[in-house]
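First, one chain by itself in structure tokens, the form predicted alone.
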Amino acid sequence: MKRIIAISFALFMLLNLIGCAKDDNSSIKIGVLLPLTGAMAKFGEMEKNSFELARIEINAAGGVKGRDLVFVYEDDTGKPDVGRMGMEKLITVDKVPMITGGYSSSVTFAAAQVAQKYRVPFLVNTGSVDKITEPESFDLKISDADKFYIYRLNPPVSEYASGLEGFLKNLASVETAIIFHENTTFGTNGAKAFAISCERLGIEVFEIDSYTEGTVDFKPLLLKVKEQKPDLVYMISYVMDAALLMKQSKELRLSPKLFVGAGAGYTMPAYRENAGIASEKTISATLWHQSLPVPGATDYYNAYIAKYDDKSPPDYHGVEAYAAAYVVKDAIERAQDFKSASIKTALDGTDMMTAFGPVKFIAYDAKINQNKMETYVVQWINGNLELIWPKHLAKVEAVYPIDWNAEWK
């Protein structure tokens, strides 16, 4: 009997050791919330491709603490309720200790409420409405940084036009504007922010008009441009609406000094594909360009088009996801263990360079856990999205003034 007990104990210890070794070498699962179907699927596809590109690189280089990094994707379909359910599943069923992603502002904010409730770190890489990193929106105070589990890699929408302000002040002679925006949280907040930019620049805003996502006929809206003749038309739209706005502007032969997009759909390859010649010489705010002197920016861009599609190169949405994957890696490697609380502590100490730019989560104004970055200006020139501002970083000269009749011949 003693011999049987001894053998049984030895077997138990051996199996336990084998189990521990297996656990030590198992993968680390991180949740990713993205719109993989629905109207925003183009954005979700670019971001998922970029997450996967980073994951493959990270695992080829040894993984994270010797473990393979695995992303568990949830499709939010671009709808807040679905995003909430997806976040709940990632936390309670998949048991992930951290989540990243977050594209649409309305979906991201809804999902962030769930992450905060469960105290699971949520690293947002695209959702941009300001309140996502404002603790008061979560019934917390600015001093409650130790209780706030939401972090954001990208700038808030109120800062998207900061680079554009410099361009308008120094290069373009603009005195009047009309603002069109989708009636989403992102669109509404972006329109308010640009109206404040116009006030700082002394630009008179004739109108701020909203439209419903999926609008097919923009001509009643665009006729106001023909009637009021603003110098600048500023548009906040996702990709298909952006393309339609410009195609119908071309049909109406509108001729402001500038058509300017607020990032979002106006920097996507799909915008150029769908708008065709109507996209030519349009300008957009952007958060990144592959020609920036940022370590890894060009390498990411080239690796993406080599792996996926050289006809659909990535814009700033893709590099946000790619950079987020490396921020995840960095935080987990510095965390004491794989638990959410430890990962949060590691995120607090993040200070690194990525292909998107520097990442360091700080507190300013009403925000905490917010990365602060510069923004830039790009223009579609001869079918390519070129960096035109700030001037010392630009690779080509901005085309201005613009003869729209000549462009749209």
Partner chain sequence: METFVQTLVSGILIGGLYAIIGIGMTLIMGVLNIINLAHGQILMLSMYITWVLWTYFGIDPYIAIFITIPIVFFIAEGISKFLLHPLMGKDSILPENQVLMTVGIGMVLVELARVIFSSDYKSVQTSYTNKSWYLGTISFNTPLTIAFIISIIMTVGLFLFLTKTDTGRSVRATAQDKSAAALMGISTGKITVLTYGLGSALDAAAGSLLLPIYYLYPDVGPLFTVKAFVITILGGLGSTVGAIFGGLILGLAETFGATYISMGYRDAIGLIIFLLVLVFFPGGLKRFTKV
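All figures in this text were calculated on a predicted structure; none of them were measured in a lab. Residue numbers count along the first chain shown, from 1.
If you look for the form predicted in complex with the partner chain, you will not find it shown, but the lines that follow are about it.
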### in the predicted complex, the one of 352, 39, 363, 381 near the partner chain [non-hydrogen atom within 4.5 angstroms]
39
## Note on the structure
As a check of understanding, the residue in 337, 299, 146, 227 with any heavy atom within 4.5 Å of the partner chain in the predicted complex should be identified as 227
### Query
Okay, which stretch from 159-167, 195-203, 291-299, 251-259 lines the partner chain in the predicted complex, with non-hydrogen atoms inside 4.5 Å?
251-259
#### Entry: Partner contact for residue 142 in the predicted complex: the partner chain, 4.5 angstroms, heavy atom
no
### Task
Answer yes if any heavy atom of residue 313 is within 4.5 Å of a heavy atom of the partner chain in the predicted complex; otherwise answer no.
no
### Message
residue 244 versus the partner chain, in the predicted complex: is there a non-hydrogen atom within 4.5 Å?
### Response
yes
### Query
Can residue 173 be called a contact residue for the partner chain in the predicted complex at 4.5 Å between heavy atoms?
no
### Message
Each of 216, 223 and 275 within 4.5 Å of the partner chain in the predicted complex, by any heavy atom, yes or no?
### Response
yes
